[in-house]
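First comes one chain, alone, set out as structure tokens in the form predicted alone.
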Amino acid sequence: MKIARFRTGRRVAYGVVQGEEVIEIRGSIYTRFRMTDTKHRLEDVKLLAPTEPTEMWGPGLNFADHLEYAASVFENGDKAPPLPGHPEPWVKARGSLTGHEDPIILPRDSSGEVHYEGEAVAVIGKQCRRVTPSEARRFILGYTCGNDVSDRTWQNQDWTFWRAKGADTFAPVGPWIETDINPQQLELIVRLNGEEVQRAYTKDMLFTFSEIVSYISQQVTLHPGDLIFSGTTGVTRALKPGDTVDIDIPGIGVLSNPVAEEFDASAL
């Protein structure tokens, strides 16, 4: 089942996507809901980020081939860091969340090395605290597409990822949640202006979604709607104004975002 959050006119609602339509629901996507008789064509609604999370989490370096790239980016020499023995989660700023077809805004004081990172994203469905990996899957509602946009220079300069990964619009997520899919058998394709630039498989994650959720939950309570990113793989490229980035996960959908410069009012 595909669950979308959308705006029609001044109203924000949830609905179930069927073909080219979205059927409004009544109730909560986290407990019980029913479909209504109200339908909209997808082309007539504005798809929003599929949840309003309390927190968003990245797992740190979670694909082996991204470790080698990280070594060069973060001036660790030519040798990749050792494989981590456990997840290394970090919080991505809630204010960076944005939706399908919304622009990724390049800050005017950024380095020029703002990169896409195509990822799968788990959506927490129930309050989750101190669960085991085998229990964790029961606390996940479904999965969606995400882009962990990152400024590589700021990553290298700062002690934390507060601006490198947390700047406004640096977390596109969508277009909807798929509830019936195997999260560790997903193919993830990134296209930049129609050209394939990244391809990954969640079976290659060093730590599965269940392991990441379990690890975070030992110290932090996860809440319905919270988002857990998968991590990314391989080498990425810088974005420039006018680009379009598509995160395509077959079985889920395509998250698409144009890229634009931050408007500088002082230049007027």
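Numbering starts at 1 and runs along the sequence shown. Note that the structure is predicted; figures quoted are calculated from it, not measured.
Keep in mind the form predicted together with a further copy of the same chain is missing from the figure; the text below concerns it.
- In the model of the complex, a further copy of the same chain sits within 4.5 Å of a heavy atom belonging to residue 216.
- Within this chain, residue 154 lines the site of a further copy of the same chain in the model of the complex, having a heavy atom no more than 4.5 Å away.
- The closest non-hydrogen atom of residue 185 lies beyond 4.5 Å of a further copy of the same chain in the model of the complex.
- For residue 168, a non-hydrogen atom is located within 4.5 Å of a further copy of the same chain in the model of the complex, even though that partner is not displayed.
- Checking 137, 94, 115, 191 for any heavy atom within 4.5 Å of a further copy of the same chain in the model of the complex turns up a single hit: 94.
- This chain is displayed without a further copy of the same chain, yet in the model of the complex the stretch 83 to 91 from 139 to 147, 175 to 183, 83 to 91, 194 to 202 comes within 4.5 Å of it by heavy atoms.
- Annotation: in the model of the complex, residues 55, 163 and 262 each come within 4.5 Å of a further copy of the same chain through at least one heavy atom.
- In the model of the complex, a further copy of the same chain lies within 4.5 angstroms of at least one heavy atom of each of the following residues of 100 to 129: 107, 108, 109, 129, in sequence order.
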